[in-house]
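As C-alpha cells, one chain now follows by itself in the form predicted alone.
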Amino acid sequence: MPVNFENNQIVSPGELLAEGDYLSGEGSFKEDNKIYSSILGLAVLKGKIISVIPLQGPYYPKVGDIVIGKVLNSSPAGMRVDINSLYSAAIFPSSMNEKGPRSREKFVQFDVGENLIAKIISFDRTHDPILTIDEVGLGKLVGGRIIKIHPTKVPRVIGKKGSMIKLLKEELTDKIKIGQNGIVWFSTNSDAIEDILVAVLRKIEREAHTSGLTDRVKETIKKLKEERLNVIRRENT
C-alpha cells in the first residue's frame, strides 16, 4: 500500500497520492482504490487519512476553530465580526461573557473596530458562523497590532507540538495570539521587537513548506537582535 509523497510535499490537482487502504480527506478524492489530489497544496498523511491543505484560497470556517476578528457592527441583538473569510460571523449577547483565569465571568461590550479572539461554535451552509468568547483565553484584544498570514500557514507558525510559537514567546513576546483564520495579534513594549516579529512571521509564511524552519527562525531572531543592538551602539557613540 504505497504512499507517493512525503508529509507537507507540494502536490498538484490530479496527482496520484496513494493506493490501497487509505481514506481521502479534504482536498483529495478516491477512485478505483487510488487517492488523488483535487487541489494545489501540501499533502498530509494522518493515520489512514490523506488530505491536501490548499496553498491558496480564503479561510473556510470550521466548528471549533479559534479565530481573531474585528467588530463590524454592534447592537443589543449582537454583533457582526469580520473573520477574514467570505463569511462574516455573528456573536450573540449570551456568548459575550468573558472568563478570567479563575473562571469569573463578566459581560463584555465591544465598539465597532475592536478586535477579539473567539471560538466558532456553529456553522454550516445555511447560516454564517456563530462565535463565542465564553471560554478562558478568549475575549477582547486591547491595543497591540494585527497582521495577516495565509490561513494554511498557521500550523507552521504554531509548530510541531507548539515548538514555533513557544520560540516566539520566549524570544520576542508572550503577548501573541494566533487565529486559525490567518490573523495574528501581538503586543510588545519595543518597536524593534515588533519589527523583528513581523519579519519572522513573514519568513515563516514564505518558508512554511521547508524542513528545519524552527532552527532557521531561531538564528534569524538572533541575527536581527544583534543588528538592532549594533544600531543602538552606533547611535550612542
Partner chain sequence: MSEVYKIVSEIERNQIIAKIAKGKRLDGRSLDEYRTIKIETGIVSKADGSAKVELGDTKVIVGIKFELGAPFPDTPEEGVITLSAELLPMAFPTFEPGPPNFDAIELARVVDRGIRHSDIIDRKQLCIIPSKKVWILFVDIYVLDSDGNLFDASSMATLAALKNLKLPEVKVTGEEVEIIKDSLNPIPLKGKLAAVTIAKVGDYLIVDPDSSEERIMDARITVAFNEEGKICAIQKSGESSFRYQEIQNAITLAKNASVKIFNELSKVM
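Numbering follows the first chain given and starts at 1. All values derive from a computational prediction rather than experimental measurement.
There is another form of the same protein, the form predicted together with the partner chain; it is not shown, and what comes next is about it.
Asks: Have a look at 107-115, 90-98, 159-167, 129-137 and name the one stretch with heavy atoms inside 4.5 Å of the partner chain in the model of the complex.
Replies: Of the options, only 107-115 has residues within 4.5 Å of the partner.
Asks: Would K70 show up as a contact with the partner chain in the model of the complex if we use heavy atoms at 4.5 Å?
Replies: Yes - in the model of the complex, heavy atoms of K70 and the partner chain come within 4.5 Å of each other.
Asks: With a 4.5 Å heavy atom cut-off, would you call P76 a contact of the partner chain in the model of the complex?
Replies: No, P76 is distant from the partner.
Asks: Spell out, yes or no, whether the shortest heavy atom distance between I146 and the partner chain in the model of the complex is within 4.5 Å.
Replies: Yes, I146 lies within 4.5 Å of the partner chain in the model of the complex.
Asks: Is there a heavy atom of E194 lying 4.5 Å or less from a heavy atom of the partner chain in the model of the complex?
Replies: Residue-level check for E194: yes, a contact with the partner chain.
Asks: Taking a heavy atom within 4.5 Å as contact, would all three of E6, N33 and I35 count as contacting the partner chain in the model of the complex?
Replies: Per the other structure, none of E6, N33 and I35 touch the partner chain.
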